[in-house]
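As a starting point, one isolated chain is supplied in structure tokens, in the form predicted on its own.
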């Protein structure tokens, strides 16, 4: 079970030598059998978020992914207190879901944020800062710090109506951090952005974590999520199908090694393929999997001697896309 100690949530241990508390496990979010249903489909199956139980530790980037309609946005709205559950419970920063007590300690970056378009960045943050009781020198210092963080300080006098989507997203992040929140919710923060803007938003997310904040990140962009999240949860049709540390979720078959190479002609591919558990040579890239590291290294030597370019040799590790497809296989 769990108890609230100040504003931190600690897991209570059954071990009598633990003094009743497991150290270093503080939860930013905890849900227990959380349900939000909107009706039933043609088969009589409930539609919505179904029986969600998960935990998010403080100080990490937690990723929630799933197909459209899987329940990501519903989960986010429940945790923000914007809608109410059909059944189940949750705690955010130690308080019951929806409680006003934690809302001053959270920030939210919505997908496609909308602001008063006649304001510039400084005026915009002054408006929102006033809602948190910030003013004067404190507000000015905080505004400059955040606009520099998101790369908008040199463009602080441009009106919102003239922002690109990337600029709008970045000033949205600055707005979400005005109250120095302990927990930041982000919904599709890089969707629709060009590669440069995506990289800038990723850098800001890492900086938020480095400041000791917790980031709860919702997205369907798997390649963006994979390098960002410490822990991941995959929803499908309202149900939690996979959750755990990213490295654990992506780990492949134990004791297998992957080898990749380029400029491999078919005769060389056939020769090395005979040494491998599986192999393919397609679209200019040779990929093979081996049962031992020794076998993989030997194959790499054969490829190198045959004039190929070895581009990778590592323990078997799946991509988040592979895990995702396997988790939702056969489901729309």
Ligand SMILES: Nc1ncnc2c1ncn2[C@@H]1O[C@H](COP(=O)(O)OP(=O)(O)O)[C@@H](O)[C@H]1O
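Numbering follows the first chain given and starts at 1. What you see is a predicted model; the values in this text were computed from it and never measured.
Below, we refer to the form predicted in complex with the named molecule, which is not included among the displayed structures.
Checklist entry - From the list 213, 72, 103, 258, which entry has a heavy atom within 4.5 Å of the named molecule in the predicted complex? => result Selected option: 72.
Checklist entry - Out of 275, 47, 285, 297, which one falls within 4.5 Å of the named molecule in the predicted complex, going by heavy atoms? => result After the contact test, the surviving option is 47.
Item to check | Contact test in the predicted complex: residue 306 vs the named molecule, heavy atoms, 4.5 Å | outcome: Contact with the named molecule, no.
Checklist entry - Any chance residue 68 has a heavy atom within 4.5 Å of the named molecule in the predicted complex? => result Result yes; residue 68 sits at the interface with the named molecule in the predicted complex.
Checklist entry - Thinking of the named molecule in the predicted complex, which stretch from 161 to 169, 117 to 125, 73 to 81, 144 to 152 has heavy atoms inside 4.5 Å of it? => result Stretch with heavy atoms near the partner: 73 to 81.
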